[in-house]
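Below, in structure tokens: the form predicted on its own, a single chain.
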């Protein structure tokens, strides 16, 4: 019986020690955060010295507290500098220096020799004699065949059907196991001017092949970020049969001009402005963003846009001369990541 009493007494002492140890950090936290029972707040911490490193603090709670204080101090200093510059600009008025342009990857782009000059005679001659000259001279009108890879799933089929409502005079046909080398002669015999093939992987569209007929070229794109009409929030009603306008943004190099002319040749020359529909191919950092919108006239001065869908993003993988020939085809340009992606500020389109 005596032994059990001694054991219970030792357990009680241990419990008191644990309780006291648990109360100590709580009291320290109250002291750090501010108000005490008497209502007197401790003095604010001084500014951090220049050689101060928060990562050297071993206590996690203390380190987090000091980091939040440091962030608050940084925000205050930044806001004070901003207010000071604003007052100086207001005081100088018209004599104030221009605002500095922020540095971005786009405006810090590495110079490219192939950037096209609009007044270059060589470029004008090449465009007048290339494969798209008959379209731009209005000798041919676009007629597009849209197909898929073998055994397509529902998402890919719906994308083809929605693309056919965006591109006028386009027809959707199923592959039925035919090779592209057999499809292309049939397209040429039926006066198709372009062939679009949408590939898929794991039931998701992941690639697009665009071949201009009858003499090429053929472009292979990686496709990503596909959104069908039902997946777009606040979308408008289904597009009408009016011929849309086409906008090509930021295709500045010789390669970019070739790709832009390929996209332009998919649409007829005379858009029907009464339909208020516009298809946009916007190139930014070699990614081509496709969007399809409708103008909404809110008043005589205000105009809004309403997305109709679908939307997707393309990345050029290769450009091949002639029609599709993966074995013996001659390639004008092939994307090689290890050689071409050495700098984030170098773009090819």
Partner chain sequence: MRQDPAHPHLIATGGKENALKVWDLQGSEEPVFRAKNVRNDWLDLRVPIWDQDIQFLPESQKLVTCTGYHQVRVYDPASPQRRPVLEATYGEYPLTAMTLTPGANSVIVGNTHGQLAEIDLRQGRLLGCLKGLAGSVRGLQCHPSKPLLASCGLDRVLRVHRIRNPRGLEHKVYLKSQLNCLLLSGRDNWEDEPQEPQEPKKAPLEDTETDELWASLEAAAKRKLPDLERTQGALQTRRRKKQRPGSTSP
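Every value quoted in this text rests on a predicted model; they were computed, and no experiment measured them. Positions refer to the first chain, counted from 1.
There is another form of the same protein, the form predicted together with its partner chain; it is not shown, and what comes next is about it.
Taking the partner from elsewhere, every residue among 114, 125 and 340 has a non-hydrogen atom within 4.5 angstroms of its partner chain in the predicted bound form. None of the heavy atoms of residue 220 is located within 4.5 Å of its partner chain in the predicted bound form.
In the predicted bound form, its partner chain lies within 4.5 Å of some heavy atom of residue 129. Of the heavy atoms in residue 268, none are within 4.5 Å of its partner chain in the predicted bound form. Residue contact check for residue 261: none of its heavy atoms lie within 4.5 Å of its partner chain in the predicted bound form. This chain appears without its partner; in the predicted bound form, the one residue of 238, 120, 201, 191 with a heavy atom within 4.5 Å of its partner chain is 120. Checked against its partner chain in the predicted bound form, the candidates 104, 215, 74, 186 yield a single residue with a heavy atom inside 4.5 Å, and that residue is 215.
With the partner left out here, its partner chain still marks one of 251-259, 221-229, 172-180, 90-98 in the predicted bound form; by a 4.5 Å heavy atom cut-off that stretch is 251-259. Within 4.5 angstroms of its partner chain in the predicted bound form, the stretch 318-343 places a non-hydrogen atom from each of 321, 326, 327, 328, 329, 330, 331, 332, 333, 334, 336, 339, 340, taken in sequence order.
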